[in-house]
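Let's start with one chain on its own, the form predicted alone, as structure tokens.
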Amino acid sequence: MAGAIVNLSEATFDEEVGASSEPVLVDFWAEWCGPCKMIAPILEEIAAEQAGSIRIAKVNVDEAPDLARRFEVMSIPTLILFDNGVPAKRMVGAKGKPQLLEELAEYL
């Protein structure tokens, strides 16, 4: 389904992010994180509206602690944009939709 947010695990991360033809914005989050829940609907809107130009994926840091360590995620939510499988941009903390779109503009 176009625009759907993909949940990534340690087993699927490299394949999904590395093989993507579009940039992938990965949301490192946790179930207990209030700000993570605040940005979730915003990310779903962006995923639907920007389908074809950017993919949105989520990594639950409680379920994939090695990925969080690998990308030095110290606080959540942390959003990392991967371009051609390489981290290109990092945003920490909850942001509003206009601010997120502005930060992602060069990749959309």
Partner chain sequence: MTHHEVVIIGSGPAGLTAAIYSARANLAPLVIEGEPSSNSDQPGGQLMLTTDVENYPGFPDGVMGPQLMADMRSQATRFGAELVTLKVSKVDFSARPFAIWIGDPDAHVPAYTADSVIVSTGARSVMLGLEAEQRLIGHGLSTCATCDGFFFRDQEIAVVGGGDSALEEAGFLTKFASKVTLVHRRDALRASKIMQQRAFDNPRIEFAWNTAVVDVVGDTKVEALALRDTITGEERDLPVTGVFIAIGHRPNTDLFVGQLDMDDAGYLITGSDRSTTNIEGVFACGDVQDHTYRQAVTAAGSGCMAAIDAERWLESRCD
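Numbering follows the first chain given and starts at 1. Everything quoted here is computed from the prediction, not taken from an experiment.
We do not show the form predicted in complex with the partner chain, though everything after this point is about it.
Exercise for the section: Find out whether any non-hydrogen atom of residue 88 is located within 4.5 angstroms of the partner chain in the predicted bound form, and reply yes or no. Expected result: Outside the cut-off, so no.
Problem - in the predicted bound form, residue 49 touching the partner chain (heavy atom, 4.5 Å) - result: Residue 49: no, not in contact with the partner chain in the predicted bound form.
Exercise for the section: Consider residue 81 of the chain shown here, and say whether it contacts the partner chain in the predicted bound form, taking contact as heavy atoms within 4.5 Å. Expected result: No - in the predicted bound form, heavy atoms of residue 81 and the partner chain never come within 4.5 Å of each other.
Practice task
Considering only heavy atoms, tell me if residue 44 and the partner chain come within 4.5 Å of each other in the predicted bound form.
Solution key: Contact with the partner chain, no.
Problem - Residues in 8-39 close to the partner chain in the predicted bound form, defined by a heavy atom within 4.5 Å, in order - result: Heavy-atom contacts to the partner chain in the predicted bound form: 32, 33, 35, 38, 39.
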